[in-house]
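Consider the single chain below, provided in structure tokens and representing the form predicted on its own.
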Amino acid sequence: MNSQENLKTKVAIIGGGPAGLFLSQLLHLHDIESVILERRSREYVLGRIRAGVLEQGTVDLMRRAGIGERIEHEGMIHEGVGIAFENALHHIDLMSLTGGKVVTVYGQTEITQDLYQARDSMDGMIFHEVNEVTLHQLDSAMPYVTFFKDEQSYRIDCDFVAGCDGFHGVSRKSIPQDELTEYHMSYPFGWLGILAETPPVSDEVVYASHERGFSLCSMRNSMLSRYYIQVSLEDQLKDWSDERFWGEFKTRLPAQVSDNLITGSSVEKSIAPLRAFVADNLNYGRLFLAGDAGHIVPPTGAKGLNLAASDVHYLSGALIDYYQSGQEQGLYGYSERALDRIWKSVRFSMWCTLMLHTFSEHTPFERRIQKADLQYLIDSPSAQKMFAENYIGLPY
């Protein structure tokens, strides 16, 4: 094994997904050096199929990061959203309810690709396929990170460490247990999702509540559809042929939607459990958590990627203030500011999940309350305004 190679940077970023790439790009635009460490290959990161509904704040962050050109041409603007229940489709007009605000459908894979291209054009330093990443002296003024790549040992001395490495990453696990409070909640079902090269069944996202379970109609572009159905946690992919999926999916949609459904072979299929998690302290010494390293929300409210973006908004601003003016208030206040928005988004995501999914353990009374909740949303302009305000994204 070769001797250790020493590097030095301002911010060591653990994780090369959207949160880490966004942070590195924004810091670079303010002449703040960073190094990204990612345990997977670039091909793996770009191959992950993830969220696609973007709040306006996320789109604005893309523009600030210098990657707003492609989304302007390829992003799909959605002025409303559909809620289907009891074989009827109801429209919620996001634009009119929020004073002109909308959401944009643009896949996380596309954002990641845009960010990689931006970092490449600026000679950003990204180490892929690293292992044994270890964070040291986080509670001191001189933290550092060690890792291995291709059997070569490295050490990065830095001012700060940004943990953007997801729920299973090393960053959060490096915080002493007595310095961290974690909140967890798991749901008794998951989402079976498929990607199909077919025209979307609707020009807007449709959330459908049905006695057989929840379903979701989404898309990535005009010829790439992303569909989901609620399934048992005991189900496996081998249990679900394409034919079975399409049959069940169509059953859960109202006729005015299912009549437009065009089926085809899936190009990707996966089952993801639904859960919620929040680390109620995103800062320990010189370490700051962002994205899934600090929180996970049920995907029902389309908040996962958008919360990562708002984290980066707060954290990048705090680091820029520190390096440009020596102000530390933003760094000290980062966790509280980010968590205020996180918990509100968790609340919305969990409310949507409870309202739209079928829970086998619910009593007849609870099922009637769920029905009343949906009916109230459909009938009440005030309830729709609350939904729209949260769906398009709370202000930063």
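Everything numeric in this text was worked out from a predicted model, so none of it was measured. From 1 onward, residues are counted along the sequence shown.
Quick note: we don't show the form predicted in complex with ligand APR, though the next part is all about it.
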Answer option from R40, R347, H362, K371, heavy atom within 4.5 Å of ligand APR in the model of the complex: R40
Consider the chain as shown here, without its partner, and state which of G166, G82, G285, G317 has a heavy atom within 4.5 Å of ligand APR in the model of the complex. G166
Report the stretch among 157 to 165, 180 to 188, 265 to 273, 240 to 248 that approaches ligand APR in the model of the complex to within 4.5 Å, counting heavy atoms only. 157 to 165
Candidate site G15, P18 and V133: all three near ligand APR in the model of the complex by heavy atom within 4.5 Å: yes
Taking heavy atoms and a 4.5 Å cut-off, does L138 contact ligand APR in the model of the complex? no
Would you check, heavy atoms only and a 4.5 Å threshold, whether A290 touches ligand APR in the model of the complex? yes
Would L339 count as a contact of ligand APR in the model of the complex, using a 4.5 angstroms cut-off between non-hydrogen atoms? no
Using a 4.5 angstroms cut-off on non-hydrogen atoms, would Q108 count as touching ligand APR in the model of the complex? yes
Do any residues of 42 to 74 have a non-hydrogen atom within 4.5 angstroms of ligand APR in the model of the complex? If so, which ones, in sequence order? V45, R48, R50, A51
